[in-house]
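Next up: a single chain in structure tokens, the form predicted alone.
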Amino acid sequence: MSMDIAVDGLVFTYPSGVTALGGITVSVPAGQRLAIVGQNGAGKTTLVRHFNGIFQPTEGTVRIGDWDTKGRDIAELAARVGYVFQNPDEQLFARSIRDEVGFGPKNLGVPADEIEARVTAALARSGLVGMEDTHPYHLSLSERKRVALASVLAMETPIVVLDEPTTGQDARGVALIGEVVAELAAEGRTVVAITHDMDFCAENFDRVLVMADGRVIADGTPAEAFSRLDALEDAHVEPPQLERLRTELGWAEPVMSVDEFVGQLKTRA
């Protein structure tokens, strides 16, 4: 099932009185790969935690498909929005990877034989085959993050939220997560990622939201968003390294990937 996200006039104020989101309106069509960037405290995590009901709007609305999140609890929204936390230790609890990855589907009432198939597929996607009986806390941080990813993939939600998915990952892990993002989008599922990894963002996402002070200050394709140097400065974000190199070389066209860089280089050979 494909599913849109619609945020309209979203304001969120913490009980302390601090307003973290100042009236955000944004629509995310089903199947889109959306990256959200900005410095710590910009409101990125506060925004996405409205998608699965961890937070409820102070003002405005958040719709997940045909559901308004107001009045929906986290358990209900978990069937539509899978959330991979930045810190995997906030969501891992089982004694084995198999049990961890199978918990979500079981909680959704998926039949036992289908749970097994989902667990097998999720572990393969996450590079964890052969580790099914390992205790998650015997793994490195990067591996635990991939266990958390697998546990969400096994739920087969139409929307997947990734909070800093590449933190602590080596090049192989980053490439694997990029493949997962592409596969989910190809299946018509929406992927939303919070990231400080601008290279990963530029190479793997269709659209970038730049946030600062609880507001969206730039929105567009990676090439469009990363050309907004004024917005990037306000958000304390640097463009991807290939884009910075392109600027130093004086090339006119934006560069978002190695393939694009090589293509432009060939035209100048």
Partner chain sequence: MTGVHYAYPDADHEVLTGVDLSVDAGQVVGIVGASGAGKTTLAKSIAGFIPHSEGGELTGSVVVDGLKVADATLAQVVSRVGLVTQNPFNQISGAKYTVREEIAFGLENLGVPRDEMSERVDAVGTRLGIRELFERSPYALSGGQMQLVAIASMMIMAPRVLVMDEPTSQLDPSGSRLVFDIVNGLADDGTAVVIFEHKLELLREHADVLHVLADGVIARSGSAREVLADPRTDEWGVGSTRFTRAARRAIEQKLLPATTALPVSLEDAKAVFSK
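Positions refer to the first chain, counted from 1. This is a predicted model, so every value here is computed, not measured.
There is another form of this protein, the form predicted together with the partner chain, and it is not shown here; the text below is about that form.
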Thinking of 170, 245 and 269 as one candidate spot, does the partner chain come within 4.5 Å of a heavy atom in every one of them in the model of the complex? yes
The partner chain: the contacting residue among 39, 61, 227, 32 in the model of the complex [heavy atom, 4.5 Å]: 39
Single option in 199, 132, 76, 116 placed near the partner chain in the model of the complex, where near means a heavy atom within 4.5 Å: 199
Would you mind picking out the stretch of 160 to 168, 120 to 128, 67 to 75, 92 to 100 that comes within 4.5 angstroms of the partner chain in the model of the complex, counting non-hydrogen atoms? 160 to 168
Mark residue 27 yes when one of its heavy atoms lies within 4.5 Å of a heavy atom of the partner chain in the model of the complex, and no otherwise. no
Taking heavy atoms and a 4.5 Å cut-off, does residue 112 contact the partner chain in the model of the complex? no
Considering only heavy atoms, tell me if residue 253 and the partner chain come within 4.5 Å of each other in the model of the complex. no
When the contact criterion is heavy atoms within 4.5 Å, does residue 265 count as touching the partner chain in the model of the complex? yes
Listed by sequence position, which residues of 202 to 236 have a non-hydrogen atom within 4.5 angstroms of the partner chain in the model of the complex? 203, 236
